[in-house]
Structures are given as C-alpha cells and as structure tokens.
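Below sits a lone chain in structure tokens, taken as the form predicted alone.
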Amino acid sequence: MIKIILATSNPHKLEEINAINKNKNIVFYVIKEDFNPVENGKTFEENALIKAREAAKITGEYCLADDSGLCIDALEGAPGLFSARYAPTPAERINRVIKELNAVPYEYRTAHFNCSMVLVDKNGEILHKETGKIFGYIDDSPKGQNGFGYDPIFIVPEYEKTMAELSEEKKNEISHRANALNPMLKWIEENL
C-alpha cells in the first residue's frame, strides 16, 4: 500500500480524491497539524507546489497537493487563483460571480475549472505534475445539491446540468480534479 499525504485542510477534497481513487493500491491521508501555507504563487501549479512542499516539510512523507479554481472568460479569468477567497462564504462567492455576469449573454459565459496537481517526495522535490480541466458555462442562478464551491453555477454542456446537479459518481468521472488525478494515480502506481 502506497501512503501519500494530501496537502489540504479541505475535507471535501479528501472525499472526492478518495472516491476517484477507489480500488487502487494507494491511500491518502490529510495533514493532522494546522495547515495553512501562504499561497502566493502566480499560477495554480505554483500554489500546488507551495502546499506540497510545506506538507512534506511537516510530515516527511510523499505529499500530493492540488490548486484548483474557476476561470471565467468574460471576467478575464477571474476568480481564478482567488476562487476560494473571492468572497467570505461559498454562497457569497457564487452571488458575486452571478452579479458580475448579470449583463453577459449566456453564450459569452464560457468558463473552465482548472486543477493543477504536484507530487513531491519527503524532501519536497517534484516527482510528477498533472493538470486537468473541464469546460462549460456559468448559469444565472445556483442549481443542484451535490458538490461544493462553484459547482451549483457551472453548467456541463454535454449534460445540460450544473456540476451540482450531477451525481457524485458522474462528477468524479468528468471533473477537472478527476482529469488531473487519474493520470497522477497511474504514474504513482507505476513509479512508487
């Protein structure tokens, strides 16, 4: 069994990653210590590396970190790196996006979720990197009960539903996190 620390304090991320990871010979654990590194990178990948290296420094284990965000074309990529800090609460973040897109027609509400993952060894050296994306549109009101973050307003065109309206199983097949994690898991199984 391969043990890897997931560099996050977000319980939703651990649940989602474990759901995608099922039936693999890899076990993910979260950091037990207070974990809140300063994410001052200029890209999702840089922020993921900051988190992974901080976790490796604390635990002395293999560490996997991701940095994810919603990038909306009509908002010049915002909220982007600031997705988790775009407003104080998840509901306020969604409301801010809806308000900022108020006058934007649906066909110009294109967006994508980005997930950059970095795996480091116990010394913080990069072992492997992956990036996953999913493309869609931003709805004008939240819909659905599943998922978290911006899922209730992100429409997946092939299903004509928001991420929050999809089942957890379906989301875990198509999400940006799944698109980064699946090749990462394959690399881990073949190389660690």
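When you see a residue number, it is the position in the sequence shown, counting from 1. Keep in mind that what you see is a predicted model, and the values were worked out from it rather than measured.
Although not depicted, the form predicted together with a small molecule is the subject of the following passage.
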With a 4.5 Å heavy atom cut-off to the small molecule in the predicted complex, the contacting stretch among 55-63, 143-151, 22-30, 120-128 is 143-151
query = Given that the partner is absent here, does E46 sit within 4.5 Å of the small molecule in the predicted complex, heavy atoms only?
reply = no
Exercise. Determine whether any heavy atom of K13 comes within 4.5 Å of a heavy atom of the small molecule in the predicted complex, and answer yes or no.
Key: yes
| said: Contact with the small molecule in the predicted complex for A78, defined as at least one heavy atom pair within 4.5 Å: yes or no? | reply: no
- Message: When the contact criterion is heavy atoms within 4.5 Å, does G69 count as touching the small molecule in the predicted complex?
- Response: yes
